[in-house]
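One chain comes next, on its own, written as structure tokens: the form predicted on its own.
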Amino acid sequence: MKKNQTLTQMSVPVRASLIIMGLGQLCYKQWIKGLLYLSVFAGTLLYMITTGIKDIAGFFTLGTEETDPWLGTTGDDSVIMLLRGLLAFIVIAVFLVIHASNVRDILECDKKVRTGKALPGFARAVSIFFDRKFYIAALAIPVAGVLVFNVLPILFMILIAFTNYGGDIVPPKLVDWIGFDNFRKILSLAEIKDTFFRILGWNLIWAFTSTFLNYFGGLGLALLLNKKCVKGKSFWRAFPILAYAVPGFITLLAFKFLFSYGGPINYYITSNGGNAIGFLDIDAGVKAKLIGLVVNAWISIPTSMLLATGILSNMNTDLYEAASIDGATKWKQFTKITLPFVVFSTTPVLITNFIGNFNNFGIFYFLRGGLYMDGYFLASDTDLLINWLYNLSIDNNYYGIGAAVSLIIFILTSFFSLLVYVRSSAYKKEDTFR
């Protein structure tokens, strides 16, 4: 079919399939394929008539009748209506994708008929499809699972950020669309605004510092254990690996007890005549932040060490010999040979570590969870944005503001990740170390 061909110039089977999926295939006696497309069309049409149109309308209104338990009136559940409406849009999107494949198929069939070629049977068509586009069949179920279990909840949380859901406005009360009001509250209401920018500043410091310590701590250990003069390397490597093997929350609870008022550190301090120190108390300040960095390093450095060990084992030792002949110092060899090679190989992992540290919920939740400080809105000075999000939404029902915070976290982490990646040598000089 030519690109400028109008609808009236198309063949009858093509026009039929454009209107009703599968009719064109049936016209060309592609019975099984036609019936499959037709069943998808009929099922989608039935869904839209019975519930889809109503769900889409409910998505925009979020309900018109409020439930009244006293009068026994069963009204609308705004949150369920939002979710069902979102699901209806996903069904429509999937339908359009299948309809596009139907159009491509009927155009291909029409082209073969016009040129006098025989149309393959269903079994042959399936065999050709698996030969040429097996990846589509292999990824169909995983993609469907991602849509339902990943994309749908993410879109739902994004949309909640634009509603007044939370606080006193929870079902059975009706929820309304409020646009960007939740974001305006975060950036304008004094208490929330101050808390947001304080936590954001600390969150950025935490993410960069933790990533730096964990990455270079692991690299340093790997370089140390890679030296020929070190004896019993397997024995020394076992200690960081054991620290990594212990479940993280157990390690965090152990450190919380270690630094508590009744823990062993304060026991030895008081036994020697000193006063107990509130390492993780509400007024701990910098002490609690430093402890968080140390604990996170204890948990994360073994991973970096194992990664760096594998990369260093693949390095060309001739480079070091040539550098030594040229008079390069050990530091020069590290900064000009080792570090570029390791960073180039681990840039995606480094970005992943940064995002993981930025959204590290467990460290301060287990060490100091539940503390609210003066000058902060439902947060403490060590809380990260992800902890504040938890406090807002789960503990205090500020779901709309919490969803807005989660969207801000997504934008920030995406921005920093893409910025670092596109400026890295791993992106610009892909063939450098091949």
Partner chain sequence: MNREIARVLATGMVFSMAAGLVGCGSSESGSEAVSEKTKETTEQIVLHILENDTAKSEGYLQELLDAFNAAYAEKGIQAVDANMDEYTDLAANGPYGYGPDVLYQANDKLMTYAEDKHILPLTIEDFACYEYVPEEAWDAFKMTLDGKEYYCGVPVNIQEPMLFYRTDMLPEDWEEVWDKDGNQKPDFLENWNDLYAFSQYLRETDTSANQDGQYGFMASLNNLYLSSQFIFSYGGYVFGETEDGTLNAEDIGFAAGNTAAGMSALKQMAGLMNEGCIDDTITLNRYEKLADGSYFCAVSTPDTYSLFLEKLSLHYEAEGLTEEEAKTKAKENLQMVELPSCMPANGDLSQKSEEMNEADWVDTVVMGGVNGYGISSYTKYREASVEFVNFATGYEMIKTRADMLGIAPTRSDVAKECGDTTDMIFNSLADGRIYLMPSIKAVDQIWVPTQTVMGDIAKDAFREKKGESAKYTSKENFQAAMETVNKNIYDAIYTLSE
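As the structure is a computational prediction, the values presented were derived from the model and not from experiment. We call the rigid core the largest set of C-alpha positions that still match within 1.5 Å between the two forms. Residue numbers count along the first chain shown, from 1.
Another form exists, predicted together with its partner chain; not displayed. Remarks below refer to it.
Its partner chain in the predicted complex is approached by residue 261, whose closest heavy atom lies within 4.5 angstroms of it. Interface membership of residue 401, defined by any non-hydrogen atom within 4.5 Å of its partner chain in the predicted complex, is confirmed. Of the heavy atoms in residue 172, some are within 4.5 Å of its partner chain in the predicted complex.
Contact check for residue 61: no non-hydrogen atom falls within 4.5 Å of its partner chain in the predicted complex.
Comparing 145-153, 355-363, 162-170, 204-212 against its partner chain in the predicted complex, the single stretch with non-hydrogen atoms within 4.5 angstroms of it is 162-170. For the options 56, 35, 407, 45, the residue carrying a heavy atom within 4.5 angstroms of its partner chain in the predicted complex is 35. Of the residues 176, 321, 131, 283, just one reaches its partner chain in the predicted complex with a heavy atom at 4.5 Å or closer; this is 283. Residues of 378-398 that come within 4.5 Å of its partner chain in the predicted complex, judged by any heavy atom, are 378, 392, 395, 396, 398 in sequence order. Superposed on the core, the two forms barely differ at residue 338: its CA moves less than 2 Å between the shown form and the other one. In the core-superposed comparison between the shown form and the other one, the C-alpha atom of residue 30 has shifted by at least 2 angstroms. A displacement of less than 2 angstroms separates the C-alpha positions of residue 353 between the shown form and the other one, with the rigid core held in common.
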